[in-house]
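To begin, one chain is listed below as C-alpha cells, in the form predicted on its own.
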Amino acid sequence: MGMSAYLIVRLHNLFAVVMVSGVYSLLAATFFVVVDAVDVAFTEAAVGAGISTVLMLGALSLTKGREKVPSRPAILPIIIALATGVALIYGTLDMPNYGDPDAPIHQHVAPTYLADSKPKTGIPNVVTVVLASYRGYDTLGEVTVIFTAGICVMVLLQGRRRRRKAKGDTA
C-alpha cells in the first residue's frame, strides 16, 4: 500500500494515477478482509476501487492525459495542509487512550452489542451484526445515497460530453 501511495504522488500520467489508486483501494479492501472487517472491505472494493475508478476515468476523458506542471511552487496548499494537520492533532489531545476499556464510547451500548449480538442473531462478527442487523435501514440509506451520488455524477459528465459534441468540439 505504501508503494502505491508513493506512486500516486510521484506519477504525472493521470491514467496511471487512476489505475494505481484503484490498486490501492483493492489492497485496502484486502487488508480489511484480513482483519475480519468484511463489510468495510466490501464497501472499499465497491466504492473505492469500483465506482471511484470509473468516475475518475470518466472525468479523465474530459481532460488531458498529463498533469499540468505548475510554474511556481504551491506554498498556500502546503500551509493549509499543515494547518489542518495541526488542528487535527490538537483535536485528539484530550481523547482517551487507545483501547481504554473505561473510555466513554465503551460504556453505552457496546457492552450490550458484544454480549447479545451472537446469541440474538447467530452472526459471530459484531461489526456485521451492527451494520446489517441493528442498523440495517441506516446502512441501506447510506448505500442509496452513495448510489444516487454516483448516478448524478455520471449524468452530469454525460451532459457535458453531449454539449461538447453539439458545439463540434473534439477535445
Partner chain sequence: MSHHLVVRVVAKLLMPFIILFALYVQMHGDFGPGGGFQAGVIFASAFVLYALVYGMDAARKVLPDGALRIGLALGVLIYGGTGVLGLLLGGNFLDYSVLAHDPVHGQHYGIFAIEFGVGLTVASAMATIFFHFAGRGANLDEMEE
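Positions refer to the first chain, counted from 1. Quantities reported herein were computed from a predicted structural model and do not represent experimental measurements.
The form predicted together with its partner chain exists for this protein as well; it is not shown, and the discussion that follows is about that form.
Asks: Using heavy atoms and a 4.5 Å limit, would one call L26 a contact residue for its partner chain in the model of the complex?
Replies: Judged by the heavy-atom cut-off of 4.5 Å, L26 is well away from its partner chain in the model of the complex.
Asks: Tell me, yes or no, whether S133 is in contact with its partner chain in the model of the complex, where a contact means a heavy atom of each within 4.5 Å.
Replies: Answer yes; at least one heavy atom of S133 falls within 4.5 Å of its partner chain in the model of the complex.
Asks: Whether T30 contacts its partner chain in the model of the complex should be assessed with a 4.5 Å heavy atom distance threshold; does it?
Replies: It does not: once its partner chain is placed as it appears in the model of the complex, T30 has no heavy atom within 4.5 Å of it.
Asks: Going through 1-36, which residues have a heavy atom within 4.5 Å of its partner chain in the model of the complex? Please give them in sequence order.
Replies: Just F15.
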